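Starting off, we have a lone chain in the form predicted alone, written out as structure tokens.
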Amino acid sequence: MDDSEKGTVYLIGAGPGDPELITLKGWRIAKSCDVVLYDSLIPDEIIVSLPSSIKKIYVGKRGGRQSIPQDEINEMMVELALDGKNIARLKGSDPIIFGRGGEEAMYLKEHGIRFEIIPGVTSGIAGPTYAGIPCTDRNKASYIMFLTGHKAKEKEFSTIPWDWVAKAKGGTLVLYMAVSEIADIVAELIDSGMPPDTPAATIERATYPTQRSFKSVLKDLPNIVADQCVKAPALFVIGEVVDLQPYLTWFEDKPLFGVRVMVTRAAEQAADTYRTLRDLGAEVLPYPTIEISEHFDEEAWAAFENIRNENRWLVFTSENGVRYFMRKLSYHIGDMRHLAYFSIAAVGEGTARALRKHCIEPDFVPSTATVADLAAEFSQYVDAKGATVVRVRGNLSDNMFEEMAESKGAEVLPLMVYRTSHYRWPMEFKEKLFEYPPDVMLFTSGSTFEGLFANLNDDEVKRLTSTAKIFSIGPSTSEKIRQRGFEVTAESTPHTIPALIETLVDYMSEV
């Protein structure tokens, strides 16, 4: 086979947990590949934010169990590349430092497959930084040692010269993958001459908003692991730099720090929500329960284009409606001036804000952001008799507004521009969800709540909601939740996503 017909494998370090720590180059390449192979420590937000056209294959390890053996991963990369596919091999942290990126690259080289290695932010630097510990300091440490506590399966004993390491002065030790071995490592270091009271720290789930860090001394590390039930992934930092932590702590001082927030909105819409919650310190659990796709009805668009009635209204009842309508308007009609002949209504402030992004100020917005209120107030605000009303909608929208307008003598044109369907989570997402369950669940529409039951059975939903608080964007969403027999903790006012997040912050500040 000619080399030009083969695909390329990109070994990409995705960072240690915070999804924004993937490099610009790594993210750009991952989004452009045909297939993504990813490990268990890849942030879920990265996976759900990848284009839906990319095939995503989970090859990670959970609880020490490799879902796919390394030999099979190697063969899979070769087979996909020989099929002409470009592959993003996403690896947690950095692909080389205590990863198997080097082994994978050698295998690809042996089989004539092109590859590139895209470095990542390694957890040994990012973790201490997020915990307020500098790995080096002019007065306390002029070098770093990265060490692994994990022994390869074929090795009965670690090959690290702990007796030599123990005698090194004036530096910082960062131990990876050492939770199960920490008692033996500490014993070897102390027996080899390292002072038992050397400053030390334990960092669990580094760079996640639910990270935990414990400052101690060397001899107490095993007790910290046992008493605090520390689990992998975790790091241990040993050295005088740990004493600087009280002065450099920054990550843990945010209003939602440590709060796990499940976001059920469609992933393609949720980037700003994810980012806002992260900036407030929350750990985002990106579990979209719906997905949105555009819909084009040629006959309806032709009818829309040919409306000649002087009394014509364009009614938007969702932000999705604005988004997909504007996209299709540009493509199908190609001239914004066509809207100059329409008066425009928006169901609420969120939809109005979406219109303003296109420099369109709505003529009418009801006092409460529900379709029922829009229907009731619109009929009082507008003389609908003889009017032509275009209702921009999705496939799951009810017909309440259309029925009201028709009852008042209007001619109604339903213009469907998008379709909503249930999003199916990858299997490993469900396992991770119950391993680290949410403290809060955000629902931004009735369909996002209904979509939960496409992925979980009734008992599983009850398990999640038994400890998680439910936050709803508005009355219609709350009604759907209550119809299923679940309690709504809080409802935002006004009924917008910024207000929903503000409601969450206010609630958490009082508990």
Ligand code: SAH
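Heads up: residue numbers just count along the shown sequence, starting at 1. Quick caveat: nothing in here was measured; it's all calculated off a predicted structure.
The protein also exists as the form predicted together with the named molecule; that form is not presented, and the subsequent description refers to it.
J.: May I ask you to state whether Leu277 is within 4.5 Å of the named molecule in the model of the complex, using heavy atom distances?
T.: Leu277: no contact with the named molecule in the model of the complex.
J.: Verify the contact flag for Met177: yes if a non-hydrogen atom of it lies within 4.5 Å of a non-hydrogen atom of the named molecule in the model of the complex, no if not.
T.: Yes - in the model of the complex, heavy atoms of Met177 and the named molecule come within 4.5 Å of each other.
J.: Considering non-hydrogen atoms and a 4.5 Å limit, does the named molecule approach Ile97 in the model of the complex?
T.: Yes, Ile97 sits close enough to the named molecule in the model of the complex that at least one of its heavy atoms falls within 4.5 Å.
J.: Within a 4.5 Å heavy atom cut-off, is Arg205 in contact with the named molecule in the model of the complex?
T.: Result yes; Arg205 sits at the interface with the named molecule in the model of the complex.
J.: Select, from the options 232-240, 405-413, 371-379, 388-396, the stretch whose residues sit within 4.5 angstroms of the named molecule in the model of the complex by heavy atom distance.
T.: Contact criterion met by 232-240 only.
J.: Of these, Asn86, Asn74, Thr420, Thr122, which has a heavy atom no more than 4.5 Å from the named molecule in the model of the complex?
T.: If I apply the 4.5 Å criterion carefully, the residue I get is Thr122.
J.: Can you pick the one in Pro362, Gly92, Pro366, Pro134 that has a heavy atom within 4.5 Å of the named molecule in the model of the complex?
T.: Checked against the cut-off, the match is Gly92.
J.: Pull the contact list for 1-37: residues with a heavy atom within 4.5 Å of the named molecule in the model of the complex, in sequence order.
T.: Residue within 4.5 Å: Pro16 only.
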